[in-house]
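Presented below, as structure tokens, is a lone chain in the form predicted on its own.
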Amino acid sequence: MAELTHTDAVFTPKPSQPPPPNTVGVVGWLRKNLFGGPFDSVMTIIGAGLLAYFAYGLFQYTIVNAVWEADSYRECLDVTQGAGACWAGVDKWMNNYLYGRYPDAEQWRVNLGGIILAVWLAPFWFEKVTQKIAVGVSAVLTYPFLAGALFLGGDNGLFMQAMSSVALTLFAAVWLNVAACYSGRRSLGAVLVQVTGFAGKDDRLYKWVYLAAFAVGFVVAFIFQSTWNLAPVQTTNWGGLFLTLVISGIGISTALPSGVILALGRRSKMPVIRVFCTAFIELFRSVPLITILFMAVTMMPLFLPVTLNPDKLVLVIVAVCIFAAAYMAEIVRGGLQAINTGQYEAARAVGLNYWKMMTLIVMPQALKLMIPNIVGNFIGLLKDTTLVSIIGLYDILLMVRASGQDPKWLGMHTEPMLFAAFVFFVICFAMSKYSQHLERTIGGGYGRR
């Protein structure tokens, strides 16, 4: 900005000087951050030396001296003398690490379920696609039923068949909407309205077009899924990374909506709702997850009728969802309190009621601010699901421990643990990078500064 100089009581602008050229390159960055002084230089050299030492040792153990083909752990030790990893045992147990004891002939169902979910959520990354919120809501509400029908097999009953048909219908609608958006139309709804000739009629009649199209899709999907003849697979055979992703995926998908409801309830002016939500949050935040898991598995069946015997996996999923909702509620409440009161007052001034104020004005801003905390909570929940191994569910951690007890691979503990650590690192790192991407693209966190 131009500076003002005083001459004869008259202020005249002084010409601004161009900024100095940017001379801070790689050398300048290194000098500023790593070699700013003698002490910084010494610490940098020591740290780099230790890092190189450990990296070299890890490279020698995992790559150079490793054994990739062997029939037992004893053969690995004869070759490496303990100086290298026995990846042959990890390779032999890889199928169990991924699927647990799920039958080999039926593992395509697990793969198909994962592909369906990935394809269902893929439109989030398509720029021209509209109704992305509806895509996420449809996946969260209906995909678990479709996945359950695939993974469990057998006779799932009329309710599961109906919900699976709803999921298939919405899945098809998502990709028809993608096709409509990339063909130059606004959305699938606009195409349906135009094709049926309702474009020039009252907007209130459009809902009947949508309901009719959904009914046709539901009937077709119900007939299609009724022809499935899948072999039943009990949840006791589920395990490995598959089971870990099932538990953590359901917990993550339900944590945010339930946390929002609890946070709004805790801030409610109605005493009954406020006290209930506060008691719920404080109760389940005050005990560790393992305690809730033990209570769900051992105590909850005692309070249920004898004829009602819920599956252990169902009880564990309910416990994880309750635990995650309690923690997420406090994160959401913190985000709501970070919003300036002027936003609330402005929303009321334009005539918005409570729910429109929260959904259109307050909550979108709060969610942007909460992205780092939300993703951090999701990452913690993913890692906390390993506690289910303590109550007898063969998740990836328990399968890793079981491989070291196999008579042929007795004593193989380090390599499976390294593999499990690598899997968790890849998943958590991907979630962290996606969190940073969201902050940059939608303007939350450091991305807006």
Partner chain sequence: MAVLEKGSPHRASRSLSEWLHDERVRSVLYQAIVAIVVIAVARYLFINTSENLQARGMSAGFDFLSTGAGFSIAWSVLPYTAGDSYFHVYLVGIGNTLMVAFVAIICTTLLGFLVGIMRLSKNWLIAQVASWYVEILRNTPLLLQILFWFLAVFSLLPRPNKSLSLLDLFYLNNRGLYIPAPVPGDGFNITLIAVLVAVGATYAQAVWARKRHFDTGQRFPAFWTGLGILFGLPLLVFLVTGAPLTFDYPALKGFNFLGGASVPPAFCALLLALVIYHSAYMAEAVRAGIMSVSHGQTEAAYSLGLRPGMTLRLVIIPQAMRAVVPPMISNWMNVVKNSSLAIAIGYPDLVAVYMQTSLNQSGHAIEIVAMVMLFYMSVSLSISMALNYYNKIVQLKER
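Under this definition, the rigid core comprises the largest set of C-alpha atoms superposing within 1.5 Å between the forms. Model, not experiment: these values are computed from the prediction. Positions refer to the first chain, counted from 1.
Just so you know, the form predicted together with its partner chain exists too; it's not on screen, but the next bit is about it.
In summary, among the residues F214, W228, F276, F222, the only one with a non-hydrogen atom within 4.5 Å of its partner chain in the predicted complex is F276. Proximity to its partner chain in the predicted complex, defined as a heavy atom within 4.5 Å, holds among G184, P305, G197, G351 only for P305.
Although the partner is absent here, Y210 lies well away from its partner chain in the predicted complex, with no heavy atom inside 4.5 Å. The closest non-hydrogen atom of T341 lies beyond 4.5 Å of its partner chain in the predicted complex. Contact annotation for T291: at least one heavy atom lies within 4.5 Å of its partner chain in the predicted complex.
Though the partner is left out of this view, P301 does reach within 4.5 Å of its partner chain in the predicted complex, counting heavy atoms only. Residues placing heavy atoms within 4.5 Å of its partner chain in the predicted complex fall in a single listed stretch, namely 267-275, out of 246-254, 267-275, 152-160, 198-206. Residues from 358-393 that approach its partner chain in the predicted complex with a non-hydrogen atom closer than or equal to 4.5 Å are I379, K383, T386, L387, S389, I390, in the order they occur in the chain. Residue displacement note: K132 has its CA displaced by under 2 Å between the shown form and the other one (rigid core superposed). Superposition on the rigid core between the shown form and the other one places the CA atom of T169 less than 2 Å from its counterpart. Positional change of K408 between the shown form and the other one stays under 2 Å at the C-alpha, relative to the superposed core.
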